[in-house]
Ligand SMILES: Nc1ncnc2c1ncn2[C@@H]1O[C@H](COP(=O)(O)OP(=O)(O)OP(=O)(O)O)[C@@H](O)[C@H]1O
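Just the one chain here, laid out as structure tokens, in the form predicted alone.
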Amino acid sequence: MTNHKELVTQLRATLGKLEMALGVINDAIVWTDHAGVIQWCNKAFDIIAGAPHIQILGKNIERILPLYKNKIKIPINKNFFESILRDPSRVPREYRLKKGRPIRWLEVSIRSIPAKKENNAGIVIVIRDITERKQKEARMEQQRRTLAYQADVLKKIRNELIKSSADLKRSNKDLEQFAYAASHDLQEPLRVIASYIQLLNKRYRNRLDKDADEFIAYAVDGATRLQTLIRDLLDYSRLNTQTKPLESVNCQALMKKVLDNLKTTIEESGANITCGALPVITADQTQMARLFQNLLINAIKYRSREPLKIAISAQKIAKLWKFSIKDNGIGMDPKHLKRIFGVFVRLHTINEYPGTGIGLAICKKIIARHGGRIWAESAPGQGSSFHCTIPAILTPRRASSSLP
């Protein structure tokens, strides 16, 4: 049977271990009586109080707190103690240490110690440094505000882009309708003018002086070029208004038809055209034929004095088919490579090379409608290579070709 002395020894050992455990924790703990006189505290409280342990015991906590540099005020008195006994919430209170740098935050928890006798009652105050947590919360709040601001800015930009896109589509549609109406309406009066000029040329050639014959020739040539220009402009404006549904297109067979249509032009130019295997894609067959035709005519038109050679090929790159038409013609300065796809852009005079400057613009519009892009590579005297991409939606046809 354990005697009284052993119990006291065990109790002292337990209290020693408990005091040792409370002494190594980071939270400052202090126990006062109902009058606020400190009965016990751990080493962490010594650090906060800025005084040795022995100088703190028996002192009123109001003399220890506020911490003189930080101005924490805990007004402990009888009324305060009674309010603690009546407070069921026991919510910790947070204090921001305004003076001193860096700014610190403390969380103060106050608990009453119930006792049968009032003289033995007291309160326990736990002070925890929550500066790191507050700093983290502040950073998270700042990030939240930043993200909210960025989301708001992105939302506004998105709305503006949607509005701008709608305005641009409406403007493009209006321009296409205007170009169509203008070119369509101009055809009839121009046809009448051209007819009468040709009639003048037929009836009065060699009947007037040389100047009159020259003027009539200029008028006939101008009317003819204007008719061609209006016809090309009408074709350009129809690209988006008169389209056909996308369908399976055998580019191998389509290229053969295009070459058959250009047979006379090819024979006159003496062009040697080779064509590799071309795939089956999903596209507007009429527009794809126009694309191939325009690029081939372009290669034939700008040939050099050397025998003309044109190579047609297709290459699978990821989810795209890349079509290439390469020639050994006169080539062009690389600084013009981006300009040539604009409407009415010409690098040569009418006398040097005829045309309206719309052919490549039509090619660019066709490729854009099919979700691809078109570009050129060239250098003076080194020929030109025109490349364009089309999404590879269908399985390509692996067939060889022996086109003329």
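Computed from a prediction, not measured in an experiment: that's the story for all the values here. In case it trips you up, residue 1 is the first one in the sequence shown, and so on.
Beyond what is shown, the protein has a form predicted together with the ligand; the following relates to that form.
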I'd like to know if residue 301 sits close to the ligand in the predicted complex, meaning any non-hydrogen atom pair within 4.5 angstroms. yes
Give a yes or no for residue 331: in the predicted complex, does one of its heavy atoms lie within 4.5 Å of a heavy atom belonging to the ligand? yes
Residue 373 versus the ligand, in the predicted complex: is there a non-hydrogen atom within 4.5 Å? no
Residue 346 within 4.5 Å of the ligand in the predicted complex, heavy atoms: yes
When the ligand is placed as it is in the predicted complex, which of 29-37, 51-59, 331-339, 364-372 ends up with heavy atoms within 4.5 Å of it? 331-339
